[in-house]
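First, one chain by itself: the form predicted alone, in structure tokens.
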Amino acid sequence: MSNLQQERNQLLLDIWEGRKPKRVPVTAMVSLEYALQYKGYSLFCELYSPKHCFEAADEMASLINSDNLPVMPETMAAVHRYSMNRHMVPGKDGFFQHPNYSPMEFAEYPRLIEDPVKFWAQVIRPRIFGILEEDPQYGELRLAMANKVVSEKYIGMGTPELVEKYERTNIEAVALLSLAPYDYIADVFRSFTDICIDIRRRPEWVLDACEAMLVLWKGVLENVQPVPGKINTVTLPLHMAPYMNRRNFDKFYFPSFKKLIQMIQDHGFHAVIYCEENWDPHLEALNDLPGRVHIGFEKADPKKVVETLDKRHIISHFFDTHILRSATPGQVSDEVKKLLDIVAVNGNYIFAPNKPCLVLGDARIENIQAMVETALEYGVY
């Protein structure tokens, strides 16, 4: 391990252990799709080429000097297409998105509540993955083989090589992508629109379903082992809370979410949550989360977050990626400094854009570079 990589790892280790690091850790969030388009590749073809995905990620790492690897050369796009995944559908440009799809009927809540694992495996999975409907006899085998082949070609194969080549941080190990129980029901079983109706039609069903999701996630966590010597994290993007009033948030969303965070920590993992949209109305509730949680924000008021949130938590993101589209590098640099003056005051901030640069039109490369370099230089304590 190089000295630079050790220094970068120490920044994150200090933050997780409650110490002020030498400077703000700087994270760039650039998608593999952006990297491929930057090289002039088509997502319809090269998103399915391990060689070209690695080349694109390599070039981004050579251009963007963030503490993390800016692009992971990893994608499950081929599995999504092969399995006919109705939860991940490619758009006209080949970019995969999550549609507002509901595989579960409203009347099926009791079945979900009674045995969430069985209901997910035997009822919902075949409705989500078309390959299981198309081939009831061998669909599971075909899906398992597709996952194995694609994982061997993409997931983790080129990432360690690029991390070492460009001396990026490797102290964190992402063990699992999880969801708050209410979000999981909305995203996987019902849909954004349906669950908003469900809490009015049969609120007790939704509450019981949230508790059932804890049973499901407990089983998942018990089968994942932390990596020795790493900061093992479970990542949770949070979706529905900004669209709920405080009464419904307190009743339906937060209780089971808090239990899940405790469960994650009890199993030896650190929770990394990303508060999508504006969480200003719910900031105080985050102080009730147990332990030390890494909390990223998309649109919350950074000054209000610093003033409201308990200092034991880690905060991140905030920087508006819209600035990266058309501003000059000088203007980007000025905005980075303004943000750091607000949020980098307690030694618990990790710099990151408020959302990833998903496609080429989201950001000019010189602006991403200006953002990262300014944060590296100005974020020294």
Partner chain sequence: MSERKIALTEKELIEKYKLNEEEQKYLLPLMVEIENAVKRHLTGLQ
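Numbering follows the first chain given and starts at 1. In this text, all values refer to a predicted model and were calculated from it rather than measured experimentally.
Keep in mind that the form predicted together with its partner chain is not shown, yet the notes after this line are about it.
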Answer among 179-187, 160-168, 142-150, 299-307 for heavy atoms within 4.5 Å of its partner chain in the model of the complex: the stretch 142-150
Checked H52, K355, H313, K337 for heavy atoms within 4.5 Å of its partner chain in the model of the complex; positive is H52
Checked L216, A78, M244, M263 for heavy atoms within 4.5 Å of its partner chain in the model of the complex; positive is A78
Next item on the list: Report whether the minimum heavy atom distance between M84 and its partner chain in the model of the complex is within 4.5 Å.
Entry: yes
Can you tell me whether E204 touches its partner chain? I mean in the model of the complex, with a 4.5 angstroms heavy atom cut-off. no
**Report entry** Contact test in the model of the complex: I131 vs its partner chain, heavy atoms, 4.5 Å
**Finding:** yes
* Asked: Looking at the partner-bound form in the model of the complex, is V345 within 4.5 Å of its partner chain by any heavy atom?
  -> no
Residues in 21-51 that come within 4.5 Å of its partner chain in the model of the complex by at least one heavy atom, in order, are S42, F44, C45, E46, Y48, S49
